[in-house]
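One chain follows as structure tokens, the form predicted on its own.
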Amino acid sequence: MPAATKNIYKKLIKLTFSAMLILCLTACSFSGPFGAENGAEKLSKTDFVLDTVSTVTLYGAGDEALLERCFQLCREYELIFSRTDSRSELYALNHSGGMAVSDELLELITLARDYAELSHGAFDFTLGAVSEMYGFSSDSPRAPSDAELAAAMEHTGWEKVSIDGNIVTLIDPGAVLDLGAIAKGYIADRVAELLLENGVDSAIINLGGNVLCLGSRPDGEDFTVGLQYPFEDVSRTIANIRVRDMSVVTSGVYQRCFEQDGVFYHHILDPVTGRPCENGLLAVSVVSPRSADCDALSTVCFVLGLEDGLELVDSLEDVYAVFITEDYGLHYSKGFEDALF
């Protein structure tokens, strides 16, 4: 990685909200809970859920009670999908080795398995024990020893998960499922459904940088989403894109990272080695109507690397991506520039 970036990442990792994506001021302002934009009433709420700072902004419809329901829905899903919360359903599954699960957990595990199969294992949701050793979100992250890593990798592999009806079984009892690479996208989609059911057709759902723009701006124009310049303050963008009824999700090396003995470690792990991917990429941003797809594909494409990642995105309908390489070059999938600039 560029030497200059190593000197500034420590400051960035301390930010509570080090999201890869920010909404430009032309899209909305989060200066207060009430306001107006082009004559449309705006209502916004920010809270700490899903282990990150999240904001939901409504335009022209909805009320404070609906906003609170959005955040309550996030908390309910967190108690299903969290790997670390001992009260969660996923935690119970990981510690039981197999059980009947809720429709929501079944749906998300099935979707995760679909992406694992599509990517030939580049998306591996059984890396929970490996990522836990690194402790990227803890106060004292560390790189595991070769022996520790080898022992944990023995229990990974998405094929070790069996689904029979609503019974999910860990064929390897030592496997630990981690849905962190897809859960926020899935939850953003559910929040959008809640808003639509309650008459809101213009909104921004920002779950810690997983951004879903519902409809368009009150004036009928597209929302503008800024892609953060890697390793810089969140206010500095490397590109601005236009979206409506689209989600934008980024996987970047600086979102959760640390340095140990002069070596830089980030949270996007290679399912083959269990170590952070080293493929010349700094970030991948994916744009598509469904946020769960963006969430999963941003990780998949990062792990696959520039060439294979672009090939995959180009094979999918209504999916766009931009890859940022270590030289800060921008590499777009087919149709990206025509559709989003």
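Worth saying up front: this structure is predicted, and the values here are computed from it rather than measured. Note that residue numbering follows the sequence shown and begins at 1.
There is another form of the same protein, the form predicted in complex with a small molecule; it is not shown, and what comes next is about it.
Note on the partner interface in the predicted bound form: the residue among 156, 251, 228, 206 having a heavy atom within 4.5 angstroms of the small molecule is 251. Only one of 257, 181, 192, 90 comes within 4.5 Å of the small molecule in the predicted bound form through a heavy atom, and that residue is 181.
Using a 4.5 Å cutoff between non-hydrogen atoms, residue 122 counts as a contact of the small molecule in the predicted bound form. At the 4.5 Å threshold, heavy atoms of residue 267 reach the small molecule in the predicted bound form. When contacts are judged by a 4.5 Å heavy atom cut-off, residue 212 does not count as touching the small molecule in the predicted bound form. In the predicted bound form, none of the heavy atoms of residue 283 sits within 4.5 Å of a heavy atom of the small molecule.
Shown alone, this chain has one stretch from 308 to 316, 285 to 293, 268 to 276, 61 to 69 that lies within 4.5 Å of the small molecule in the predicted bound form by heavy atoms: 268 to 276. Within 4.5 Å of the small molecule in the predicted bound form, a heavy atom is found for none of 239, 241 and 333.
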